[in-house]
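Next up: just one chain, as structure tokens, the form predicted alone.
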Amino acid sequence: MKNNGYFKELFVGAKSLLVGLGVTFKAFTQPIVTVQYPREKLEITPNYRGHIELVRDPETGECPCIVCGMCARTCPCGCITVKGEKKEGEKRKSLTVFQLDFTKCSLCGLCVESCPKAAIDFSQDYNIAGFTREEFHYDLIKRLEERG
């Protein structure tokens, strides 16, 4: 009787070994899904949420921000600073400061939703790295000018 239990254990062990080898062989036959990151890059989905950016109006080429401050007020993290001044001869304020402290941002999207003129949107920057906190303090007006 003791030998019967021994052979049963051998059979169960051999069966589990063959099942495991079957899973491994199946994985070998499937296509490779790993991307060798620095040399290959994936396409980023259009729904990706990076940090916020100012948007240009396609007709005028300028930022449609009216300096209402709704984005800064609705931000639960307090990471947005918006300032403007009224220049002589103009009917509305001009945007002078629009800064983002990305170290505090939680990417909740409330600022984008609350903007009445759709002047801000999420960027497609996904490979953001730095050594100091100051590298993540973005001047969005300067970034808008650099993008052309």
Partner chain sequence: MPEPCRPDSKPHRFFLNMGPQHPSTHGVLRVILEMDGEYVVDPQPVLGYGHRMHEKMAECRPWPQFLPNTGRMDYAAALPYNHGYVALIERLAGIEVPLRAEYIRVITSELNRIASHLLWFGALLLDLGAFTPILYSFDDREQILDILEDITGSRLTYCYFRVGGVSKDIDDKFVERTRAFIKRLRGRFPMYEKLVNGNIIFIKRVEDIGIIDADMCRRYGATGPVIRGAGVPYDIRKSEPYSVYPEFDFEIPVGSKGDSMDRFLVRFQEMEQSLRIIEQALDKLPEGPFMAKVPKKLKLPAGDANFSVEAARGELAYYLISDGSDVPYRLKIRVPSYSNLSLLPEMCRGMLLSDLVAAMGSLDLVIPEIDR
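Positions refer to the first chain, counted from 1. This is a predicted model, so every value here is computed, not measured. Throughout, rigid core stands for the largest set of C-alpha atoms superposing within 1.5 Å between the two forms.
What follows is about the form predicted in complex with its partner chain, which we do not show.
The partner is absent here, but in the predicted bound form a heavy atom of E9, alone among E9, E135, D139, D125, sits within 4.5 Å of its partner chain. Between 48-56, 61-69, 79-87, 92-100, the stretch whose residues reach within 4.5 angstroms of its partner chain in the predicted bound form through a non-hydrogen atom is 48-56. Under a 4.5 angstroms non-hydrogen atom cutoff, its partner chain in the predicted bound form has C108 among its neighbouring residues. Heavy atoms of A118 never reach within 4.5 Å of its partner chain in the predicted bound form, leaving it off the interface. Although the partner is absent here, G13 sits close enough that one of its heavy atoms falls within 4.5 Å of its partner chain in the predicted bound form. For the chain shown alone, G130 is not a contact residue for its partner chain in the predicted bound form, no non-hydrogen atom being within 4.5 angstroms. Taking a 4.5 Å heavy atom cutoff to its partner chain in the predicted bound form, the contacting residues in 50-75 are R73, T74, C75. After superposition on the rigid core, displacement of the C-alpha of G130 between the shown form and the other one stays below 2 Å.
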